[in-house]
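Here you get one chain, nothing else, as structure tokens; it is the form predicted alone.
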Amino acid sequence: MPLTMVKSGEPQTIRKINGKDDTKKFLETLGIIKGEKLTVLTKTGGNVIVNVKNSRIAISKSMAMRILVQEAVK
């Protein structure tokens, strides 16, 4: 499911990132890579703020739609 559909506070694992190579490279520099765990902190105006590798990152709605996740095993 896309990151935009995730409820706040639920840990997720990144399953796939769609988009062009430059988009994937940009997200990779932020620590958003396949297999990494992240948590959605808030959603405001379509934008998503996530916690990944102990950092808070704001992602636009269009970018968040490209990140597919699955619920992390607890």
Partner chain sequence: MNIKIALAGNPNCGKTTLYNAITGSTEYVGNRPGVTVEEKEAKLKWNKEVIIMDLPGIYSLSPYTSEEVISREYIIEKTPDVILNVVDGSNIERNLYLTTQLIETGIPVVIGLNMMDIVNKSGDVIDISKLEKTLDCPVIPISALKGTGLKEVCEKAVKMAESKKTSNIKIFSNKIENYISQTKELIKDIDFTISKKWFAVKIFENDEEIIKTLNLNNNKKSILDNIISSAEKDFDDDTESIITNERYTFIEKTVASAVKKGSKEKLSFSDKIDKIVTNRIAALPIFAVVMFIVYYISVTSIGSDLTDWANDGVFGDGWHLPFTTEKYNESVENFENAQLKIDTFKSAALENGIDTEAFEEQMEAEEPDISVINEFIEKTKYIKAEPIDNNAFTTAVKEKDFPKINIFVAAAEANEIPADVFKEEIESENPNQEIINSFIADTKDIVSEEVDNFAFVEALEIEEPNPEEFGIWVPGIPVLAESALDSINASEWVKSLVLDGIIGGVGAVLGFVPQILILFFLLAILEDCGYMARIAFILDRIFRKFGLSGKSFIPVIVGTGCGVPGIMASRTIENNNDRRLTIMTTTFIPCGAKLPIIALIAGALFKNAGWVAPSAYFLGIFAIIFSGIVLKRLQAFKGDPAPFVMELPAYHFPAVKGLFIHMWDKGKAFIKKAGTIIFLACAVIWFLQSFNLNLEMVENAEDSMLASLGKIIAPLFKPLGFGNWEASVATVTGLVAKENVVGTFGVLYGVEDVAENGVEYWAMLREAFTPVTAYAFLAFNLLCAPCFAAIGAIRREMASFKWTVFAIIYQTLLAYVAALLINLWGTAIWLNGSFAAPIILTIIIIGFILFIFINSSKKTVPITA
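What you are looking at is a predicted structure, and each value in this text was computed from that prediction instead of being measured. Numbering follows the first chain given and starts at 1.
The same protein also exists as the form predicted together with its partner chain; that form is not shown, yet it is the one meant from here on.
By the criterion of a heavy atom within 4.5 Å, V48 is counted among the residues contacting its partner chain in the predicted bound form. Although the partner is absent here, N18 is not a contact residue: none of its heavy atoms lies within 4.5 angstroms of its partner chain in the predicted bound form.
Among residues of the shown chain, M65 is not one whose heavy atoms approach its partner chain to within 4.5 Å in the predicted bound form. Contact annotation for I57: at least one heavy atom lies within 4.5 Å of its partner chain in the predicted bound form. Contacts to its partner chain in the predicted bound form (heavy atom within 4.5 Å) from stretch 25-43: K25, F26, L27, E28, T29, L30, G31, I33, K34, E36, L41, T42.
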